[in-house]
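Encoded as structure tokens, the following chain is the form predicted on its own, with no partner shown.
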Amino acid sequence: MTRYIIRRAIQSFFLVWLSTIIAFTIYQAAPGGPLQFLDDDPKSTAADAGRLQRLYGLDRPILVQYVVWLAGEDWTPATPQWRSGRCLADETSCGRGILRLDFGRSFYFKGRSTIEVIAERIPATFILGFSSLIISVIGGVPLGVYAALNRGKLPDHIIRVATVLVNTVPHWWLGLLLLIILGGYLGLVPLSGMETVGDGSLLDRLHHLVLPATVAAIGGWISFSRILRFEMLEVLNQDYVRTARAKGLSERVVIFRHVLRNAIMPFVTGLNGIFLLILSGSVLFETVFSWPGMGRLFITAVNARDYPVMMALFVIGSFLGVLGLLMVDILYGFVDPRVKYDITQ
């Protein structure tokens, strides 16, 4: 297991490095740029654009920009070809590179450290993501088990029809509709934000969290219920289940010790995908509910052409994705002892 984890960690490092190349290439090739706001200012001149390009190092070759973004510019020659104007004027302002967790400074947030801007938003996104994941598991697992145990009966039909109908509606649109009805007309939930200004108590934060987390969890509990229903029906037809019942074991023991434990394996695989879907989907949910997380920050950065923030969010998302896949592989060994890890594969 230890050698397997080390090998996968090395592979994960190269995957994250590849994601940095993709992110940098995409954002550099995108139309517009961080200085596009000058086009809307009638008083700006070409000299102003050139001065800002030199200040932020945007006039350097693309390959040089990537190298200093990755490894830092504090170790490069003190020349305009390698260092930005800000770094040449003050060495304490030189970027240290993402390898040392320095993602540069934001253009939109007035030169603030990118990692500092993102760090302020990470707790909000993780609170929403993990709350949604917990609600997905709590809602999806019992539904899947209940539907499988009542296959072909009325409860099974109701659950399947309900999940299909709910899944056909865009979840962000459903969230907006519920926000208008429950928040606008009935006043049962807050209309926006993570907390009430001047309050911020635990009860107040839970009040703000309940609707966004529930809406964000819709896709998760639907997927969990479908996966678990299908897998449980497969396991219920296995010979060892019939043998367990023939030995006189109670139905509770058969279901929870034999059936559910073996049906949970694909559920573990889907756990990572749905978790990443919740995080990526937070762009929509955080926008609808004005939730101050990384998804809303990404929209702000895109609109402002804030390249350092956009690339940092892309790299962090890639790292979380690779880390999630590694965790699922390791979790397999704990869920099913039959799984063996071959370092040669």
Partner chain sequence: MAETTLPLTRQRQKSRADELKELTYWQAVWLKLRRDKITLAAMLLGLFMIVITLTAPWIAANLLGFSPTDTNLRMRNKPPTWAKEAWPEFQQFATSCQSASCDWSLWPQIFSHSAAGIRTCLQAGPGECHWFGTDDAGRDVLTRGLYGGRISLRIGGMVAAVTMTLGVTLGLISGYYAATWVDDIINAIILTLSSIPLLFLLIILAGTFPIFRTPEGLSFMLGIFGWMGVARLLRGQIFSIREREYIIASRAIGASIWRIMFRHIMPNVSSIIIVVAIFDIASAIIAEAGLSFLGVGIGPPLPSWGNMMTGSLGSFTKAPWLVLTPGLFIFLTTLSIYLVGDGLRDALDPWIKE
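As the structure is a prediction and not an experimental result, all values here were calculated from the model. Residue numbers count along the first chain shown, from 1. Here the rigid core means the biggest group of C-alpha atoms that line up within 1.5 Å when the two forms are laid on top of each other.
One more form of this protein, predicted in complex with the partner chain, exists but is not displayed; see below.
The stretch among 133-141, 178-186, 116-124, 87-95 whose residues place heavy atoms within 4.5 Å of the partner chain in the predicted bound form is 178-186. For a residue to qualify, one of its non-hydrogen atoms must sit within 4.5 Å of the partner chain in the predicted bound form; all three of 170, 191 and 321 qualify. Interface membership of residue 291, defined by any non-hydrogen atom within 4.5 Å of the partner chain in the predicted bound form, is ruled out. Although the partner is absent here, residue 56 lies well away from the partner chain in the predicted bound form, with no heavy atom inside 4.5 Å. Among residues of the shown chain, residue 60 is not one whose heavy atoms approach the partner chain to within 4.5 Å in the predicted bound form. The closest heavy atom approach of residue 10 to the partner chain in the predicted bound form falls outside 4.5 Å. Residues from 313-327 that approach the partner chain in the predicted bound form with a non-hydrogen atom closer than or equal to 4.5 Å are 313, 314, 317, 318, 321, 322, 325, in the order they occur in the chain.
In the core-superposed comparison between this form and the one not shown, residue 10 has its Cα shifted by at least 2 Å.
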